[in-house]
Structures are given as structure tokens and as C-alpha cells.
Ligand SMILES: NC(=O)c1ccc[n+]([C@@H]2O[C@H](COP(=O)([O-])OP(=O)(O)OC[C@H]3O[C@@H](n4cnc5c(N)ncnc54)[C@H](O)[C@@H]3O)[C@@H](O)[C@H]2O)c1
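We begin with a single chain expressed as C-alpha cells, specifically the form predicted alone.
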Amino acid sequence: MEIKIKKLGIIGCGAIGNDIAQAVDKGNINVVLHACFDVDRKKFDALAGKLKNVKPRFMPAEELMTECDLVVECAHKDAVNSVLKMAIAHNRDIMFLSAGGVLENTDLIEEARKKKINIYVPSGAVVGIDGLDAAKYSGLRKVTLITRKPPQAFKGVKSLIDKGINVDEIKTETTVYEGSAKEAVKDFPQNINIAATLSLAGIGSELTLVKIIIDPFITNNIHEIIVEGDFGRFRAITENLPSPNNPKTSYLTSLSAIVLIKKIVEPIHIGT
């Protein structure tokens, strides 16, 4: 049955918000971009200036939540708690790009589920989530994520600075983290959102294993997922190119959000 989504709202006018808004502007998503919000009004103004056919309003997050049928959060994981509380209060369906924030608010997720609020999390910067979802149905035993990124991707990461690791001095492939997804999301909140997505889709953040490698010989982010269970074993490798709107954001993340919105608005499902 088709879910009637007429008005779309975006919270966060960064790279992903821009990509979604431009997809609506081009007519690629059959929905009205009703309103947007960002704590930095200049980001909204920059987004609105790129649009030719749609004219979203700048609207405070709570007001936006009351007027839109579906709200997309693409701000920061620290915004998830307040956004989710607003969605529950106003009984609104919501999509979260900040999977790490969703992982930290499982109590609110359960509250939303009881109110029959739909919560969506796109697959993000990796492929293989559909296979992981299928494997979870019976005997999913092990999920491992190996992420490789160039040194500049880790500029300013507090956990590395606290350990005295200067990414500018890394000249060879260096493993900087091995452990659970739960701790990886805490230590690398801007770099390992994928670990949270895998945890939500699979066996949880404490059992999902993560290895993070800084590799000075690559320019793109590379993510390898290894899944094992009763079905057998699969490996999925993704080499991401950056978003045209922000070199720090993988373009596939934006595309996964755009396609998921399309599926919600025009629900023709193939293999999902």
C-alpha cells in the first residue's frame, strides 16, 4: 500500500541535504520540498540559492516537524535525540542519516515503534545491507567492517589526538582501531557512521567488529563488509567517491538517501 507522502522536510543543509534538495528540484523525487532547517542560516541560504524549481521555506525544526509528512535528518548524531523526541511528540515518520545517533537512542526508538512511527535509516556509504538483512533472518553469526581512509579524513579526530597520533606523520598503512562497533562509534563519530548502520541492521554494536586503517596510499574511502552465518559467507567492498557538494561526504550516502525516499514515496520494491 502506498504511503502518502506529500511534504518533505530536511533538517541539516550540508552536503547530503543539498543532494536531496537538488534531486527534488530536478523532479527525481515525486514530493514537495516544503521546508528546511539548519542551525546555520547561511547553509540554508546557500542550498536555496542552488534550487531552480522548488522554493522551500526556512522553518524551525519543531514547526517543520508539524507541517511535513516525512522529515529527513542529515545534521549530526548529536541532533538525533531532540529530533526523535519531536517526531514522537508529533507522530511523524522520520529518516536518519546519523546512524550513530540512532544507536545511542534505542529507548526512544522503541517508544517510536510503539506509536507506529516509521523510522528509516539508509544503507549509506556501503553496499551489502540487503544481504545482511536477509542473513539476519536465520543464523547470522559474525559481521566485520574493515574501513580504509586516507590520513586527511582523520584530521582533528579527538581520540587519535588523545593517543598522540599525528595523521600527517603516517607514511605507511596503519591500523588505528580494532574492536566493537559500539566503541568505534564513540571514538570516531564523524568517520565510522557505517559501523552504526551495520549494527542496526545486523547483530548489534557490541558484537559487530570494526577495524579502521589509515592508508596514505589511497585517495578514496574503502569499506569492506564480511558477513558469516547459516547462509554461508559474503564479502562486499565499496570504494567511494566524494559528494560533489562536500569532499568529506561519500556520494553513495546521498544516493542511498535519495533512493530510499523514492521507495517511500513511490514504493516499488525490487529485492528489498
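Counting begins at 1, following the sequence as shown. Predicted model, so just to flag it, every value in this text is computed and none were measured.
The discussion below concerns the form predicted in complex with this ligand, not included here.
Trainee: Using heavy atoms only and a 4.5 Å cut-off, decide whether all three of F37, K43 and H76 touch this ligand in the predicted complex.
Mentor: Looking in the predicted complex, the three residues F37, K43 and H76 all sit within 4.5 Å of this ligand (heavy atoms).
Trainee: Which among 189 to 197, 102 to 110, 143 to 151, 127 to 135 is in contact with this ligand in the predicted complex, heavy atoms within 4.5 angstroms?
Mentor: Stretch 189 to 197 is the one.
Trainee: Is I261 close to this ligand in the predicted complex, meaning a heavy atom pair under 4.5 Å apart or at it?
Mentor: Although this ligand is absent here, I261 would stay clear of it in the predicted complex, with no heavy atoms inside 4.5 Å.
Trainee: Can you tell me whether T238 touches this ligand? I mean in the predicted complex, with a 4.5 angstroms heavy atom cut-off.
Mentor: T238: no, not in contact with this ligand in the predicted complex.
Trainee: Although this ligand is absent from this view, report whether A184 comes within 4.5 Å of it in the predicted complex, heavy atoms only.
Mentor: Flag for A184 set to no.
Trainee: Please tell me whether any heavy atom belonging to A15 falls inside 4.5 Å of a heavy atom of this ligand, as the geometry stands in the predicted complex.
Mentor: So A15 counts as contacting this ligand.
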